[in-house]
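As structure tokens, one chain now follows by itself in the form predicted alone.
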Amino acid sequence: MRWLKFTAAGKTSWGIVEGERVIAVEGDPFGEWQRGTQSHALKDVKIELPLIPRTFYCVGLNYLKHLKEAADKAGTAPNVPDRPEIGYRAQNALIAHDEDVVIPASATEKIHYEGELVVVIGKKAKHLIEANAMDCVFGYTIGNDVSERTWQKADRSLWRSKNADTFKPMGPWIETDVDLDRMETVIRVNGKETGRFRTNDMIFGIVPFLVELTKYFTLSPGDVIWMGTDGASPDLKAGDVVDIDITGIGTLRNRFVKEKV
């Protein structure tokens, strides 16, 4: 099932995408709901953020090629993690499919993308084990982890390099039924392919992260975990359009524009 948050005729609601139409839903996917009587052509609605997460978890350096490329740029040997490690991102950075990523006026030319699988949590969970970890997963969407790399190197935290307004596009919807082992992530800039990798070819998969995370934190419905990326990004500039396609989910598309001050 494909869950969409959308706006039509001035009203924002949940819906179910079926082909090229969206069926309005009364209620929400994390509680009670029922199909409504109204439907809209998908092309005629405004696609909104699929959700605002209560907690926005993220994974770094979870693909071997990405880790090696980062080490090569730094002139160091790859330091492959021996256990899952979790970070956070800020809600203010989230934008929806087809909304603009705004490059801050003071940013350098080192603006990069990272196409990521996003895990959406569907129910409260703590102290998960390998056997039941996936029971808390509701579905999946797509994220673009935008970074300003000069700031990332200059600062002692990721406060602006990863979390500036609009730096975290997510969407376009939540897909509940996927085959992780058959998924491929393809990234295009202005229609030209710049990256392709097997989505599930992670150093640590979804289950180890869920097990490790819930040793310390309680997951709640609507929490998200961004699972990292593979490969490297070219320098992006104002006017570029980035499309991230993940098999079985769809395509997240966003244009990059320069801040007007």
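Note that residue numbering begins at 1 and tracks the sequence as displayed. Bear in mind the structure is a predicted one, so any value in this text is a computation, not a measurement.
Here the subject shifts to the form predicted in complex with another copy of the chain, a form of this protein not shown in this document.
When another copy of the chain is considered in the predicted bound form, residue 218 lines it closely, a heavy atom lying within 4.5 Å. When contacts are judged by a 4.5 Å heavy atom cut-off, residue 35 does not count as touching another copy of the chain in the predicted bound form.
Among residues of the shown chain, residue 61 is one whose heavy atoms approach another copy of the chain to within 4.5 Å in the predicted bound form.
Although the partner is absent from this view, residue 86 contacts another copy of the chain in the predicted bound form, with a non-hydrogen atom inside 4.5 angstroms.
Shown alone, this chain has one stretch from 187-195, 89-97, 112-120, 69-77 that lies within 4.5 Å of another copy of the chain in the predicted bound form by heavy atoms: 89-97. Using a 4.5 angstroms heavy atom cutoff to another copy of the chain in the predicted bound form, all of 57, 81 and 259 count as contacting.
Along 133-159, a non-hydrogen atom within 4.5 Å of another copy of the chain in the predicted bound form is carried by 151, 154, 155, 156, 157, 159, in order along the sequence.
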